[in-house]
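Encoded as structure tokens, the following chain is the form predicted on its own, with no partner shown.
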């Protein structure tokens, strides 16, 4: 499975005096099994872009190839695509509607034509995978905490057994502990299912810890598209567009300027601790 975003452009209110370019001439290749993080300031086109990946929105020009097929070609089966490319919205309330968490998660598999028994087995399996306790199964999803709602929303997508999981700001509004729990969950899901993960986030520390590749967008254009260490090496440029590299990037740069022999490409706190101890001969 490979996703190719090919010269994609999207404009709002095209042809009017209010025309706004959401993004322009975007080119990205996402390989099977990658964990890709999409970052950028508010309004740079991230959320609009990911809604093209399963055909919710259509571009003004360019296209997207999924497994070598143009998803915007006339006659392409978008319903099937949306079962393979699942999108979890930033606010889980936008996709939760079942009377209970269990019925909500079962909806997707039932809508795919699975039997009630198979849908329930799948739903139970993924709800346990994402860490939903049994006592929550038959509660209303709207009575849950923000973190629990996100878990139910993620389970509802996973129950359809997608090949790609897209998450738009999955930790927005959560405290640091809740953020870490959701990121650890997403990484666990990828490890156990080999899903391709595409995640929109503002959390640079977490992006550094989890991503295989980072795509930085600025005013509708791709500024960087590379592995985390290479992207965060441009911390000065990132600051100019309102983003910050992880703390470890700044720390290593400062230590290097003060004469310490350290690797300035380090991006995680764990790597930084190890590198500092090594530099001190410990």
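Residue numbers count along the first chain shown, from 1. All of these numbers come straight from a predicted model, not from anything done at the bench.
Only in words, not in the display: the form predicted together with a small molecule, which the text now covers.
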Review point. Is the gap between residue 63 and the small molecule in the model of the complex 4.5 Å or less for some heavy atom pair?
Key: no
Review point. Does residue 41 make contact with the small molecule in the model of the complex, using a 4.5 Å heavy atom cut-off?
Key: yes
Review point. Would residue 13 sit within 4.5 Å of the small molecule in the model of the complex, counting heavy atoms only?
Key: yes
**Study point:** Distance check, residue 22 to the small molecule in the model of the complex, heavy atom within 4.5 Å
**Key:** yes
Practice item. Answer with one of 34, 54, 225, 47: the residue that has a non-hydrogen atom within 4.5 Å of the small molecule in the model of the complex. Key: 47
